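Quick setup: one chain, the form predicted alone, written in structure tokens, and binding and motion questions come after.
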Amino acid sequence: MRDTHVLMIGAGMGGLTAALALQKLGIKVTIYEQAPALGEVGAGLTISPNATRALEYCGLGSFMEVNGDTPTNGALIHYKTGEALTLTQSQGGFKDRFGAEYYQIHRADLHDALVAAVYAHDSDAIVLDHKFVSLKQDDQSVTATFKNGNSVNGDILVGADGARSSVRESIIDKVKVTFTGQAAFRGAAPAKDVEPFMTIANSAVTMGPGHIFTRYYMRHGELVNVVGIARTDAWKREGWSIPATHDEFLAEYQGWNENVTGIIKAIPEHTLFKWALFDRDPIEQWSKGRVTLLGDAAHPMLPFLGMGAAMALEDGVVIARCIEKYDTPVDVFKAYEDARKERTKGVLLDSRIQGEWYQNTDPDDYAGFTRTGEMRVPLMGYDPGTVEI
């Protein structure tokens, strides 16, 4: 379907990657984004080798080499003592093992690079201030209607509009949402202010009862990204940008070592946010007629493997390749789902297992990465640009 016009709903990581992959293949795509201006939150993002391959496919390999941080060492740390339970990735070497590098990067930096690359192909490719409301389709085309009253017509529509996807609700039954009894905090601290507390490894997870605390460098040592996840029912809002306070964050980490509490106190409060974690089971139907889903709209997952963005980037490359290869939406979406469903379902389920392992493992009786056997899905060796479709 090279001579086609793809309507993309959502200018997040997945939607932009899909658009860039389509443009690379000479396929017209227009992204409709609900926000009046483009921008991303001030949070860190892990780009594992499988996701790096997606970006390399889209031409952003050099950008990642220049702007991404590759952790040369990592650790799991005891919540009270501050001592390392185990050291991980002590020699780096991701590229040697998996064929592509592992990076940590500021989310806004990568988003800006994707936007610039899409605009470089087509200065009219992104349309802002268009909140998706509904769609209609027939055997020939699909029409999207937006809150501002505008309607647009295309050959295929891809919903890349996040975990609470409006496109998904337009084509399948509403997905059951379950509150996990957990909430997360995030923030970014100036590295110079937290240097005394980064005593073990440049990327680390501190483990404690019902809690984890993750921190790592980004922007080449300028900032430290911080995420804390705690078992709590203090609030149950899913939004990504709910303001939080130091007192709220510290209350969940009472009794933790001073490196953790010191980092929390150093986070500028205007960069501190919280959100409740909600879980959704894998869905069996991604597509209907000329419409399909991508990223969190298709497979929203908990953050314990750090693979949500990676799965969206992989989706973006695979859907583009399927649109190029096959002649009808039915064949495109069958190939896309065949290539992606089992992998994303496995990662979604493994993310749950990883979270349970982190929060239920007694750090005083730490016995290594036993988890529940091996992961069901080999994560980092996957290449969305060459996987069979």
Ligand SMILES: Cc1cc2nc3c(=O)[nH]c(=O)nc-3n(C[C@H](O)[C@H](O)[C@H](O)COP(=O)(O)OP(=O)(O)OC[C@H]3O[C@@H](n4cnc5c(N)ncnc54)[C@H](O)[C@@H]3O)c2cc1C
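Not measured: the values here are computed from a predicted model. Residue indices: 1-based, along the sequence shown.
Omitted from view is the form predicted together with the named molecule, to which the following refers.
- In the model of the complex, residue 289 stays away from the named molecule, with no heavy atom inside 4.5 Å.
- Proximity of residue 168 to the named molecule in the model of the complex falls outside the 4.5 Å heavy atom cutoff.
- Within 4.5 Å of any heavy atom of the named molecule in the model of the complex lies no heavy atom of residue 316.
- Taking the partner from elsewhere, residue 33 is found to have a heavy atom lying within 4.5 Å of the named molecule in the model of the complex.
- Annotated contact segment (heavy atom within 4.5 Å of the named molecule in the model of the complex): 301-309, selected among 205-213, 247-255, 169-177, 301-309.
- Across the proposed site, 119, 158 and 321 without exception lack any heavy atom within 4.5 Å of the named molecule in the model of the complex.
- Shown without its partner, the chain has 33, 34, 40, 45, 46 in segment 33-50 as residues with a non-hydrogen atom within 4.5 angstroms of the named molecule in the model of the complex.
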